[in-house]
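Below you'll find only one chain, the form predicted alone, shown as structure tokens.
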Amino acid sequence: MSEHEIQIEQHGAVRLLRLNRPEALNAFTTGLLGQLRQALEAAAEDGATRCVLITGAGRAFSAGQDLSDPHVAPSRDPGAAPKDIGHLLEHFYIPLALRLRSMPVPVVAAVNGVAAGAGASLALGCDLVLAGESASFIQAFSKIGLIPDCGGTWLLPRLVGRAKALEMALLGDKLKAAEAAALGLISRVLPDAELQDAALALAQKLAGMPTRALVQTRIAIDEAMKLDFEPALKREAAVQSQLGFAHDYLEGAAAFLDKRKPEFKDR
């Protein structure tokens, strides 16, 4: 296992995490999954970090699970017991997906090249997803007799609806970046040469905004999808009540009235 399967860079208030197994299209091993979770934990605990940006080294975002990893690689011995893939999910993918979804700062994905299987789920679990024009998304699970994981079954129908989610999951066909954007699966598509700079600029913009309100917006939207209209309205009121006492609202409102740039500090 490489000690540097995640490259970490700090750009002001933005923490950049780069998946770093380019020779394997950044396919996930238990080592890479563990390092990514640790990097997210560190970013969550660092009060100076106000946005996280995730991308891949080389020509791919992530090809998904590395099937040669000992935790999942099928034995060539006919008498050997099959591997328990559920154990891998319980101990690596589920904690990672939950950590990503509960980050106290916005998370942006910059998808360069292919995002397949769990790599696609990881990208789609971020708050905003940018992709290069040559990027693609593949729900590759059905090709090897599995179902979407790392949050895929939850994310897909919420992003594109049941019919398209089933088509993507059952067929496992490649979805080009432009089509993914048209479906609402991702935020936007950019020329490949502009992707990294544009993603960093977007992350820096988010880092300068009221972080707590951005995160509460994510949570409110996710919760509202499980609620009827009136409970959603009441939840909005409860959250607004909390945010209304916070520094960032008072600062933002004062800056608006004073016609000056606000200085947000909450996180």
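None of the values given here were measured: they were computed from a predicted structure. So that there is no doubt, residue numbering starts at 1 and follows the sequence shown.
One more form of this protein, predicted together with a small molecule, exists but is not displayed; see below.
Wondering, does Ala140 line up within 4.5 Å of the small molecule in the model of the complex on heavy atoms?
-> Answer yes; at least one heavy atom of Ala140 falls within 4.5 Å of the small molecule in the model of the complex.
Going by a heavy atom distance of 4.5 Å, is Leu67 a contact of the small molecule in the model of the complex?
-> Within the cut-off, so yes.
Does any heavy atom of Tyr93 come within 4.5 Å of a heavy atom of the small molecule in the model of the complex?
-> Looking in the model of the complex, residue contacts with the small molecule include Tyr93, since a heavy atom lies within 4.5 Å.
Can any non-hydrogen atom of Ala116 be found within 4.5 angstroms of the small molecule in the model of the complex?
-> Yes, Ala116 lies within 4.5 Å of the small molecule in the model of the complex.
Which one, Asp149, Asp192, Glu167, Asp127, lies within 4.5 Å of the small molecule in the model of the complex by heavy atoms?
-> Only one listed residue qualifies here, and that residue is Asp149.
Counting non-hydrogen atoms within 4.5 angstroms of the small molecule in the model of the complex, say which of Leu88, Ala181, Leu159, Met103 makes the cut.
-> Spelling it out, the residue with a heavy atom inside the cut-off is Leu88.
Residues in which of 218-226, 22-30, 45-53, 233-241 have heavy atoms within 4.5 Å of the small molecule in the model of the complex?
-> Of the stretches listed, the one contacting the partner is 22-30.
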